[in-house]
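Take a look at this one chain, the form predicted on its own, written out in structure tokens.
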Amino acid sequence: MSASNGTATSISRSERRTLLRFLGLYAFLAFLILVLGSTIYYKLQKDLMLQTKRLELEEYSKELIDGLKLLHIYFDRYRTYPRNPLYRSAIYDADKVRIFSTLKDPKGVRLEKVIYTTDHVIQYVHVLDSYYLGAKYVVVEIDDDGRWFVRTWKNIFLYGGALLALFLAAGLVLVRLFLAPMRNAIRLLDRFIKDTTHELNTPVNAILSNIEMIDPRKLDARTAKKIKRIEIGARTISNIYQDLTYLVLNHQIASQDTSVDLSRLVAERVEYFRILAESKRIGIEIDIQPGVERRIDENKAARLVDNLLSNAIKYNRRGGTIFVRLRPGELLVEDSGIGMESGAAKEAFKRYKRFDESAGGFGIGLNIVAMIAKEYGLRIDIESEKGKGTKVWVRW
């Protein structure tokens, strides 16, 4: 194996998830604040523009009213509605019925308002005290050039974008400050696990190596039984060590894929676990087709098989059976154990998920299986029935 470029201090997956969730929520709230601020700013700018235009339109309306007054007095002489190229106008009676109009769209006039914009025009409504020519309402209209609109949106995008970037930068700093204690705790835990696993490796290997050198035929039955118990315990610790090492270091270890003889590997791992199975009087039956190969990292393939076998032993009943079948494109591990409730199988591959606290373990075995399967595009199918056992297929 060779070390990759990853470092122990790189941000973990859980931290990254927490960071992204917090930033997502923070960005959403910041966006809502900016939308609210932009809406208020837009309304203020529009009101400011209308107040500015109102002075101009009031002057136009006075000019129009003077014209109407003159026409009202000398109607027999002029008979021409007062017009001005600077604005358009209309007059309505007390029942809001249009008397005369030069507006672009006289149907959309809102006589209950004073000044407003509609369809690219600005309209100003003046209520008359004297009914010249029967008119109660005078409406004066000019074109809205839209410059205020463009200027307002330009400012919203410019300053709003800058504020959003500032909010996100502040959020990133805040979340890192909040996560600092958790990162320190995770680093300490990682270091503890690494130190522990390192310290476990040498004595466990020494125990297993020395046990292999003992000839059981030279031992009396009582001593052989004791040695067997020591071997079972050492292999259990060795399996836990391998799982912890994989979880802690798998992101730092580059895969060394080769063409692996799975038939040989599965047979070896079954023999390795047979002594553990025998301690619970569990029989292992195998149906392994010779010559099944696949390109994979052999250590990871061994972790996958080991954890399926370990689980089949751990959650089996005393005196039960395990059936292992290997065919090109498929590995099946079936046990006659306690099984799982309907729907629980979907949760089986989550880390630290344990369905039977009395069975021991950390709940990491099937999670490691899922991680290796994901890396190599393997499909895992699981079928379990409470009280009858579990079948796990690994297909490729």
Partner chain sequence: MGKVVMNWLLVIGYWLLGSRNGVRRFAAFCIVFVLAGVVLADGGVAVYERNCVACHRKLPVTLDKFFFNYLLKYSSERQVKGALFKFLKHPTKKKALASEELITQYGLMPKTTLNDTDLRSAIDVYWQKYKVFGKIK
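Because the structure is predicted, anything quoted here is derived from the model rather than measured. Positions refer to the first chain, counted from 1.
There is also a form predicted together with its partner chain; it is not shown, and the following applies to it.
Taken together, the three residues 76, 94 and 100 all lie with some non-hydrogen atom within 4.5 angstroms of its partner chain in the model of the complex. Heavy atoms within 4.5 Å of its partner chain in the model of the complex are found in one stretch of 206-214, 311-319, 68-76, 238-246, which is 68-76. Exactly one listed residue, out of 124, 273, 132, 87, brings a non-hydrogen atom to within 4.5 Å of its partner chain in the model of the complex: 132. Taking 136, 300, 269, 294 one by one, only a single residue has any non-hydrogen atom within 4.5 Å of its partner chain in the model of the complex, and it is 136. When its partner chain is considered in the model of the complex, residue 80 lines it closely, a heavy atom lying within 4.5 Å.
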